[in-house]
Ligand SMILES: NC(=O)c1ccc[n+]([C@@H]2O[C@H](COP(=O)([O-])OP(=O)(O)OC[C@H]3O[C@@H](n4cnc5c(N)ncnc54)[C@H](OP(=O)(O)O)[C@@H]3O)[C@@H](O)[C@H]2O)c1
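As structure tokens, one chain now follows by itself in the form predicted alone.
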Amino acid sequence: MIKRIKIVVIGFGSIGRALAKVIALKRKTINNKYGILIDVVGVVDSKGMALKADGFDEYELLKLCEVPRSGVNLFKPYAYQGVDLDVLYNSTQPDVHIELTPSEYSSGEPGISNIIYAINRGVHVVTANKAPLVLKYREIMSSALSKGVEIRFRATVLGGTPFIDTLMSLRSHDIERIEGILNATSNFILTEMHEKLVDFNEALRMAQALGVAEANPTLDVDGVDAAAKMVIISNILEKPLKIEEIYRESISRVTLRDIIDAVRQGYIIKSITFFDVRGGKASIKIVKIPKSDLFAQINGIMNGVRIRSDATEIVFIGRGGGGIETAHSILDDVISIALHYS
């Protein structure tokens, strides 16, 4: 028996478009393998919506990816001007809400309001937006539990790996320490500085030219993104931290002279996030590590995290994000929800 899952995608930037492409390419395979038919019934960006109650077909999903940014309201005949979640939900009756709006760490909006709306409508949520979980993790989880809906967020930390799933599965472990490279942009910039012997500003320009860094790279280079990920991790481990409690050092302080001196001494400079779980403290620090260290081998846009427990040590190495990688994590969460509630 085929189970139909209707999803709405809120936020249609690079990740939303990657998700649409992956669904278009893998929809039939997922149906054949799991008996799940995933229908995208609504797509929303900052200016409007595209709604189709019986689901966009593969061709339409790929054509949606060709509309200009903030141009979903141009996708006729399915276009709707403006954003209205009541209209979206009443028109499409979704099973899963995909929250892909940008992370905003002051108010958490519109992500928090969107997720709470979905929960109150009894709709499961998959999010790649970290801010709602950073600011309102307990409230969101408590509300979801009371409504009997799932909140899945595998894409928020090391989106290209099953890190979140594994961390949640270590139920009998006493997690002592988590440390690693949690931000791909910062790691790419430091790698460029080492390999090409350029200063921070030149490495940043390279990262921006390649699309690795945003036009405003502050959240990445100043450690805010890494701190946000650690807040989510801390909540999973029931040792909740607030983002403002995490000490952060910006990689913008690293000079070319620092790089050259470190290399001469046999070291590599990295931005490492540390979480002493028992002590309840976390930090993002610029550190010199030996070239033989595991984290010294993790370069470019790769991330790496080491989990230390009373029983074992587990290391994850992979792309922390990227459109296709993140899209697969989101889709994995949707499939997990479908299988769990089938």
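Residue numbers here begin at 1 and follow the sequence given. What you see is a predicted model; the values in this text were computed from it and never measured.
The same protein also has a form predicted together with the ligand, omitted here; what follows describes it.
Colleague: Pick from T185, N129, S234, S271: which has a non-hydrogen atom within 4.5 Å of the ligand in the predicted bound form?
Modeller: Looking at the other structure, the residue within range turns out to be N129.
Colleague: Check each of L100, L88, V125, A207 and return the one that places a heavy atom within 4.5 angstroms of the ligand in the predicted bound form.
Modeller: Spelling it out, the residue with a heavy atom inside the cut-off is L100.
Colleague: Does S46 reach the ligand in the predicted bound form if we count a contact as any heavy atom within 4.5 Å?
Modeller: S46: contacts the ligand in the predicted bound form.
Colleague: Could you tell me if G318 has a non-hydrogen atom within 4.5 Å of the ligand in the predicted bound form?
Modeller: Judged by the heavy-atom cut-off of 4.5 Å, G318 is well away from the ligand in the predicted bound form.
Colleague: Indicate whether the ligand has at least one heavy atom within 4.5 Å of a heavy atom of A155 in the predicted bound form.
Modeller: Yes, A155 is a contact residue.
Colleague: Closest heavy atom of Q297 to the ligand in the predicted bound form, within 4.5 Å or not?
Modeller: Looking in the predicted bound form, residue contacts with the ligand do not include Q297, since no heavy atom lies within 4.5 Å.
Colleague: Given the stretches 26-34, 272-280, 289-297, 65-73, which is the single one in contact with the ligand in the predicted bound form, using a heavy atom cutoff of 4.5 Å?
Modeller: It is 65-73 that comes within 4.5 Å of the partner.
Colleague: Who in 1-32 is close to the ligand in the predicted bound form, meaning a heavy atom within 4.5 Å?
Modeller: In sequence order, I10, G11, F12, G13, S14, I15, G16 come within 4.5 Å of the partner.
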